[in-house]
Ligand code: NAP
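Before any questions on how it binds or moves, here is one chain, the form predicted alone, in structure tokens.
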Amino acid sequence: MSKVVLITGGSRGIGRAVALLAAREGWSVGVNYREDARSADDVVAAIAGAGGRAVALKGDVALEADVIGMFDAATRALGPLTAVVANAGVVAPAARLVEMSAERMRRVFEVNVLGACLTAREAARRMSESAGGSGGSLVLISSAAARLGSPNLYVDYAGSKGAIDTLTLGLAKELGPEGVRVNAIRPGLIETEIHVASGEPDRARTLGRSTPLGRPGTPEEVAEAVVWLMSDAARYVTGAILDVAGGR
């Protein structure tokens, strides 16, 4: 059976690294993006240049119609999905809760929580054996912020990622009988563009030195864990929340 994965937020950072590694491991890849078509096209071109199959899929995960559309488009272009990575997420500039606007918090939760739930729902509808699917793997991207709280930085983001941990535990039990494994990765201080959005572009590099391993992580190191969870090597792993955080 062919291996097909849809990765939300697949054009940059951790999503990009997962897409490139999955393609090297023989997966056909759907690369979702919201606005940056050039970056998504670059990922698709890199995969195609190495002999793989990939398609760019525009869509905002916070919008139900967009999520359904990207799943439909991925299936038409690549075939039935056997894995989904719910990676799309946003963070806002560092602030204390008392300083945050409702608009900021709403967008964080719409993308990080509602977006993950909509993505997981469509994955379940298409991969569940009772719906005619062949089972598969759903990997949700949480964050070490879920257990650290991120005080004075972005407790809204941390709260949204705490919801991902809970979603993982519940869905693993709900979808296990349907042949769908559900797991999460909690990255720590990883060198990606998300720190620019928080207003602290050097945060991972600066704080990474304080981790037990003495450095920040890379998107490629997170991707290794994600692709392993997608693979048959992890066929008895479900309901797991795996920290990739350098011991932090």
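Source: prediction; values computed, not measured. We number the residues from 1 along the sequence you see.
Keep in mind that the form predicted in complex with the ligand is not shown, yet the notes after this line are about it.
Considering 64, 221, 202, 36, which brings a non-hydrogen atom within 4.5 Å of the ligand in the predicted bound form? Here the answer is residue option 36.
Inset, instruction - State the residue from 73, 167, 124, 90 whose non-hydrogen atoms include one within 4.5 Å of the ligand in the predicted bound form. - result: Only one option qualifies, and that one is 90.
Practice problem: Look at the stretches 106 to 114, 76 to 84, 128 to 136, 173 to 181 and give the one with heavy atoms within 4.5 Å of the ligand in the predicted bound form. | Solution: It is 106 to 114 that comes within 4.5 Å of the partner.
Worksheet item: Does the ligand get within 4.5 angstroms of any non-hydrogen atom of residue 28 in the predicted bound form?
Response: Flag for residue 28 set to no.
Notebook entry, point to check: With the cut-off set at 4.5 Å between non-hydrogen atoms, does residue 59 touch the ligand in the predicted bound form?
Noted result: The answer is yes: residue 59 has a heavy atom within 4.5 Å of the ligand.
query: Is residue 23 a contact residue for the ligand in the predicted bound form, using a 4.5 Å heavy atom cut-off?
result: So residue 23 does not count as contacting the ligand.
Indicate whether residue 229 is a 4.5 Å heavy atom neighbour of the ligand in the predicted bound form. No, no contact at 4.5 Å.
ask   = Judged by heavy atom distances of 4.5 Å or less, which residues of 146 to 173 approach the ligand in the predicted bound form?
value = Going through 146 to 173 in order - heavy atoms within 4.5 Å of the ligand in the predicted bound form - the hits are 157, 161.
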